[in-house]
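Take a look at this single chain in structure tokens; it is the form predicted alone.
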């Protein structure tokens, strides 16, 4: 019989420890295995951000005495499910999934559970299943910070004319970012202080799809707008390409998220206005630590929950920061995410 994992949820409000027993242990790996084996199924490695996540995760797990097998699905749901099946066949002791599609990966979780393998969703929630654990940043708060940045820069007279680029519809995080943005923007829209001229979802978070959205907005409304609320740095980059072609890059507020090197460089250059910094080194290291604990059937403390349509998933949320040119050095450079020379050229 597989060992059981005791997952302890700490109520932030009541500060009371409540035990929740999950009837799944790690995979029954080969008897000759001396170190836990963690399977890391990734949506993609095309973006700089995910390459860093992988490297940090693998390094931290290694320090904690575990091995990691990484498979990347190249943004294919079919391939990601096949990757998970391959990792299950390898009898991993714990499975970490960065899903392309929040709903599609519910099948992967169910398959893992049939093999008594616990599953940690990394940064993106998996919906419609009995997911064991979720680690991420407060994604609603991300959207709120992006929109609050715009709210603090409303025109003195008239209304802010806004274009909105959402992420991939298949990514639950994109919906959470929008939810947070709406919390701040809807009252301003109702009060006539903000007008959304154009909005759309960028398939697969691709910069070229974001560029098409802004091109369509410019074709319809002309270059007469004040800001672009882009949900991440990749879509911000695509939007800025469109602005550059129109000759108005640097004249329009553009938000972002992830503090990618290219985005930090654009902030210094003045073509992007801000980004949300999510300390990926903390996410990767804590996710690795949690995965190792799952693999070793050790207790885990989570202080929050995330409804996923089937259950309240025990969750670990990490802090986020709004970054502009003024505090780049005190945040992303200080933490070593990017270097002074790479960002500022010296």
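Positions refer to the first chain, counted from 1. Since this is a predicted model, take the numbers as computed values, not measurements.
Below: the form predicted together with a small molecule, not depicted.
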* So in the predicted complex, does residue 278 come within 4.5 Å of the small molecule, heavy atom to heavy atom? -> yes
* To do: May I ask you to state whether residue 257 is within 4.5 Å of the small molecule in the predicted complex, using heavy atom distances?
  => yes
* Exercise: residue 164 in contact with the small molecule in the predicted complex, heavy atom 4.5 Å -> no
* Asked: Is residue 211 one of the residues lying within 4.5 Å of the small molecule in the predicted complex, judged by heavy atom distances?
  -> no
* Structure fact -> the small molecule in the predicted complex has a heavy atom of only one listed residue within 4.5 Å, and of 47, 67, 60, 304 that residue is 47
* Asked: If you check 271, 181, 173, 80 against the small molecule in the predicted complex, which one has a heavy atom within 4.5 Å?
  -> 173
* To do: Name the stretch, out of 122-130, 144-152, 262-270, 192-200, where some heavy atom lies within 4.5 Å of the small molecule in the predicted complex.
  => 122-130
